[in-house]
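The chain below stands alone, shown as structure tokens; this is the form predicted on its own.
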Amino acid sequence: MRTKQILLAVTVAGLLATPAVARKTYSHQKYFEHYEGTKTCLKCHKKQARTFFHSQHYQWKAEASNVVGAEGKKLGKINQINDYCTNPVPMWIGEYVTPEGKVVEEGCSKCHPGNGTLPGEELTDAEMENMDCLICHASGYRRGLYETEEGGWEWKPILWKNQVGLDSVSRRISLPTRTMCLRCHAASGGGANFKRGDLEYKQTDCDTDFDVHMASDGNDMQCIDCHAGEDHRIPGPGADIAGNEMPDRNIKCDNDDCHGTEPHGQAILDTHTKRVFCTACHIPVFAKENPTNMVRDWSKGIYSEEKGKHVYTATFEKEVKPVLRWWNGKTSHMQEAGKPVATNDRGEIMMAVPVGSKDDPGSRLFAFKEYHAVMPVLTEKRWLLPIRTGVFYVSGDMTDAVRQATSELYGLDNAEFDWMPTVHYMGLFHEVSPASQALGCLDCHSDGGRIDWAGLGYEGDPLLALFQKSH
């Protein structure tokens, strides 16, 4: 009882507010008469186009300096297999239409900042003209998928036949805003908040209870306030993002520009920050608005009358409690395409696992979304296989969808494959709650608390052990 009284006496103080950076907008009214596609931007911005060509946003890969065993390699979604939509190459662009005439898939390039061509390795004029600058820099810009005269596909502004409207939108140029970033990042994995869990459309205009940093009536921070980089390179990879464009520019809450190393004003809490990262206490739940995908089983397809297509079996959850894991900034077991899978002691393929332990002084406890899936694996070589998702959505034939994608990516026909479970940890850094809603001591240090002490390497609650030792 005495222990609980002592613990209950400790409260979490408010964190320092972080002022938002002043926004810059640029009127392009005087720079051109009509917007004629990317070539209009290139008249003034060829240097910026060259830097963007080399960026992770365009190439979908970057040097994997934080991935154990991948030093010197460039990794990203373009050459990895993930357990959401698998790999973009076999599903780059195109319409997949059901017999009823419903378009159920348009390809992964829908969220690529290009006009529809798969990015190449060599910088050319064609590559620069493939860039879609407006998707990140023009407020209100929208685009759609259109068939070309040659029978291919391309992304074009939905106002491409309305020159007056297109000219108006193309002059609304600014640095990227939350709305622009969330166009793609809030819908990754196939739908609203499906993948990340802590990036939702609501953050375009939310209150402080939802996200203290992005709240429109609070700090009103934009994504680039933390993720501002140089030459289109963006800092801030999570534990499951292989490419790291700016390894010397890690985003931290405890630097001098933000909250500092002793933000609470109470020694017992500030002592925690040495081994416990801010998000462990200040993101008590995630997926506050839209449920997030926690389990995705590609081996068990069903037909959804509501969606009018075949879908994987999935579990979605809302207001999910994060799991805590030690992390020192390194990640293991990123699944590169064409490499044998590695499994844990439960037989799960490790898709992205944070490296760290309580005995590693460079590790701290971070909040993570723990996601599980079931994926196809090549029987002999034990490679993870991609899925041509559009084929499955239309026909429901998973074997055909896997074999088509495997032929496209690996050049293997009639692939034989098995199904295996996966585990995937994603760092949580958004939807930070107000200090008044942060976890209290007894949320972790009590019987039935939310922490798996054994899983973190302890014999039991270390605080209770400390009290027992001192009494």
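The structure presented is a predicted model; accordingly, all values stated were derived computationally and were not measured. In this text, residue numbers run from 1 along the sequence as written.
Beyond the structure shown, there is the form predicted in complex with a small molecule, which is absent from this document and is the topic of what follows.
The stretch among 385-393, 330-338, 344-352, 213-221 whose residues place heavy atoms within 4.5 Å of the small molecule in the predicted bound form is 213-221. With the partner omitted from this view, the residue of 373, 199, 401, 283 that lies near the small molecule in the predicted bound form is 199 [heavy atom within 4.5 Å]. The listed set 107, 119, 189, 263 contains one residue whose heavy atoms approach the small molecule in the predicted bound form to within 4.5 Å, identified as 263. Contact annotation for residue 154: none of its heavy atoms lies within 4.5 Å of the small molecule in the predicted bound form.
Remark: residue 277 counts among the residues lining the small molecule in the predicted bound form, judged by a heavy atom distance of 4.5 Å or less.
When contacts are judged by a 4.5 Å heavy atom cut-off, residue 412 does not count as touching the small molecule in the predicted bound form. Among heavy atoms of residue 73, none comes within 4.5 Å of the small molecule in the predicted bound form. Although the partner is absent from the chain shown here, 174, 251 and 466 each have a heavy atom within 4.5 Å of the small molecule in the predicted bound form.
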